[in-house]
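There is one chain below, alone, in structure tokens, taken in the form predicted on its own.
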């Protein structure tokens, strides 16, 4: 989808369309008062106080019709400049505009507003020349929005829309929006009973339902096997830590605003942990290490808590309680290149397994001018950044640099993945850290019997299981590969009275081979039961009638297909078990 904010013409057009929306609303709701109506990445919105009126779905079409009428009039959009006193007088009956004007910088001697026919709005601009240029638009949705984003203030009504220069671009945008709705992991997650949320638990605190828990467990098993083969040692650590732990790591100074509030228990002050590195530092420091022991790779599937603004919380994609696929690699300086390369290769290996192809590497660097955000050690930063560049160049992967995006303790590699819909998301990360080992006084004994400080690589391949699952749901539209599907096969007897006994035999055979299978012998029509397996997106539908019962065969359909294939029991068991064992992306690939 086009980012409106990255196109100067489209940004101006959408800002102008927001004013057109306000003009139409003023015609239809004379009591309306207006807060702000900016252009945003996805189009525009306007926050409106309609008094006791409440916008309904059918009202959008009526407002659109009035907008088209205003646009057809072709009124010129004229800029006026006012002094602060003149602006206060002009908008004296509008408390929202008075608030905006009153908070403007005292040095801002000229205040601008724009008029189009009978409508005038406070605005810096710029705008298109006439309303006739605003032809191709669509109102998309509405929602509530607190004035100034503060829940203590009045709830306003926000109307969203989008505007383009031609019908083709608008149609393409609307198709993408429709596709995004179909793929939305929140919608699919609810339909397929993958996860749920509840206000009594709290915003950003999703609960994994049995189907979701099964998917997550399969993902855990998959990455655990990968890490085991590379010598990772897995641990479990507490979900809390003392304030002193995070003061030692430096997170208290640099990350405090993203943590949940401190809680006092007896004489100790605790916080819910936002990350796992401090715990893993202590595990490494629990005993003496020789240079021969390194690298030591400590991994954990760890639950962490981070404060996200309520407006940013989104399903599994952006949460306040998450499970990280986390690991910390303690290495000698001469091992940095090799270990960092292994992490990058593991990322590429995982992406190949999941068919992820549209991604790019971002080397996140510090801003050397920002002495508050980043640990102040120029030599450390220069060495660390140079080492990561060296490895990436050696691997021959394309990457770009982002100044000011590093962690406070070191540069990092972020992998930005373009999902099927929506903006890019960061899944995998790998951070180089010279600082925390110093803070925790970690060391190892070198070949000369001297103490040396190890270097740490922080890495997460999936990122969090939450975000990765959201990504997979939207990529697949909930059609998971068989190895990940909560139910892998549904056994349906054509006539439950005649064929249930054989259906139970087939079900038990599959269960004995660790296939997740259900038997649907309900007293419902065959067509109804077949449609339900499609709705639930079950990979294999097994249909058993007289022929299958008499010949001890299995007839099956793959999800999304109408053709039925008949094979022996042994052939089917081998087929589905091989697919599950190989973690195939597609049926029979």
Ligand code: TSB
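Positions refer to the first chain, counted from 1. Here, rigid core means the biggest group of C-alpha atoms that superpose within 1.5 Å across both forms. No experiment lies behind these values; they were computed from the predicted model shown.
Although it is not shown, the form predicted in complex with this ligand is what the next lines describe.
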Are all three of 47, 158 and 186 close to this ligand in the model of the complex, meaning a heavy atom of each within 4.5 Å?
-> no
Which one, 393 to 401, 332 to 340, 443 to 451, 458 to 466, holds residues whose non-hydrogen atoms are within 4.5 Å of this ligand in the model of the complex?
-> 458 to 466
Answer with one of 191, 269, 308, 508: the residue that has a non-hydrogen atom within 4.5 Å of this ligand in the model of the complex.
-> 308
Partner-contacting position among 277, 123, 139, 472 - heavy atom within 4.5 Å of this ligand in the model of the complex = 277
Is the gap between residue 364 and this ligand in the model of the complex 4.5 Å or less for some heavy atom pair?
-> no
Check whether residue 219 has any heavy atom within 4.5 Å of a heavy atom of this ligand in the model of the complex, and answer yes or no.
-> no
Contact between residue 327 and this ligand in the model of the complex at 4.5 Å, heavy atoms?
-> yes
Classify residue 318 as contacting or not contacting this ligand in the model of the complex by the rule of any non-hydrogen atom within 4.5 angstroms, answering yes or no.
-> yes
May I ask you to list the residues of 430 to 444 that have any heavy atom within 4.5 angstroms of this ligand in the model of the complex, in sequence order?
-> 431
Is there a C-alpha shift of 2 Å or more at residue 417 between the shown form and the other one once the rigid core is superposed?
-> yes
